[in-house]
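The chain below stands alone and is given in structure tokens; this is the form predicted on its own.
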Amino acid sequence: MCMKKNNGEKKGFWLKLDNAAKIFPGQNSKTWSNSFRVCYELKEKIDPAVLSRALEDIMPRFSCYDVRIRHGFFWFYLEKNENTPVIMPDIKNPCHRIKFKENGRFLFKVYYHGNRVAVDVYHVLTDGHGGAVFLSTLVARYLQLKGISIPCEGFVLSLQDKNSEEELEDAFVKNATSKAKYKRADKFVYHAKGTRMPYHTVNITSGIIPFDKLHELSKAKNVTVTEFLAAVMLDVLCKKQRAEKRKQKEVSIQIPIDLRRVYGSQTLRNFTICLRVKVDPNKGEYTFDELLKQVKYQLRLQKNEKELNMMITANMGIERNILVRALPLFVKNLGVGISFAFTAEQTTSSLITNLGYIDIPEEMREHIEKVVFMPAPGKVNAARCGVSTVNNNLCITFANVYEESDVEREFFTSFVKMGLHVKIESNRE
């Protein structure tokens, strides 16, 4: 077994927020909280008492999550949380706003229901990869406590180890070395409209597709699965905008990229950057094959170490600016809040974030039905989706702020027309 609880955690432990995390506290409001959900669906009903013990067991291994957020005069920071996290029955509105003084001041929440265990994570702590590692280790420890032998490999961390310096580092600072200038020139783009639901409620729709079939389809087109999914989303939104017969705007899909694969980082904190692929319908009607080419060329042009380094360095520019550093925290928060209020998601029509293959031991996979990854619903994006794959089940989950489900319906219908079987699950009544 991998478990050996570390009772020697230093009370004086603290961390600066990483570069990506610094903007999120200033965006945290009654109408928006930048969080995400990772959910494991097991093949047996969850035992809450065992799950609670498993959570307590793994916390010393994740010192960068065993924290609460505090603020000084100039910056927010994270410090050791002396409270014990608790598990809760699941709720209908996942990715609800994180309030810093609730939930024992933890920045994540662990839920269970039936055979599901889920974690909602505030983006200040980490990105989707870090959340998946945390939940995978939790589920592995749960299965161990149930008497099942699970080795520590892939996303399952050994509880005998302490966090290494690399796991705790701000990988943005380490890798922001470019001398080139990066110019942001994004336009306000098309957004699908609908009947807005009350804040902090969300319509969830998941489609489960055989990974091998979709991979075969993507390979035949000489694109990756992520590129294929992005092209389908562009196609759906372009057709929707054209049917509305209004002034045509660019359609843009935001795609977060895990930089660990590029730079070989082991950080458990945020290390993701968002790329965009876009088309302008005013140039003419695009066929699906044309959209595939647009996505492929645009994404691969951006997704190389030098281009990414330039973007990372540009993001670090504000943090390194002496004048900005000298501003009191309340002024920084005000600036972030105003900027977010006027520009939030205005340059993206939707988002597709793909965790990829969930790397867990073979002994663990036989107890897992599927893994669900879901971003928080947006403010103006009609539907944002997360993607994850385990046991040949590729799960695409939409979080929608509108009552209408036409975007999701047309998206999944596209795959049915291509001959793929799609199993639909939803919280819609």
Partner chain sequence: MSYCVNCGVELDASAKKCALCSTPVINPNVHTAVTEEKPFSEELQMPEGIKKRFIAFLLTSAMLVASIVMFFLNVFFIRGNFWSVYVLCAVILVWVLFVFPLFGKKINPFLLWAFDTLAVSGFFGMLFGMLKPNLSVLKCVLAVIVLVSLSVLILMIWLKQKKRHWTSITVILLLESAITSVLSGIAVTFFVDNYNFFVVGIVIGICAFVMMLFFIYCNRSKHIRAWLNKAFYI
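Positions refer to the first chain, counted from 1. As the structure is a prediction and not an experimental result, all values here were calculated from the model.
This next part talks about the form predicted in complex with the partner chain, which is not shown.
Using a 4.5 angstroms limit between non-hydrogen atoms, residue 80 is distant from the partner chain in the model of the complex. None of the heavy atoms of residue 274 is located within 4.5 Å of the partner chain in the model of the complex.
By the criterion of a heavy atom within 4.5 Å, residue 104 is excluded from the residues contacting the partner chain in the model of the complex. In the model of the complex, the partner chain stays beyond 4.5 Å of every heavy atom belonging to residue 219. The three marked residues, 27, 304 and 311, fail to reach the partner chain in the model of the complex, with no heavy atom of any inside 4.5 Å. A single residue from the set 151, 210, 317, 114 has any heavy atom within 4.5 angstroms of the partner chain in the model of the complex; that residue is 114. Contact annotation: of the candidates 137, 254, 206, 354, the single residue with a non-hydrogen atom within 4.5 angstroms of the partner chain in the model of the complex is 206. Partner contacts here mean any heavy atom within 4.5 Å of the partner chain in the model of the complex, and among 385-393, 356-364, 400-408, 62-70 they occur only in 400-408. Contacts between 84-98 and the partner chain, taken as any heavy atom within 4.5 Å in the model of the complex, involve 90, 91, 92, 93, 96, 97.
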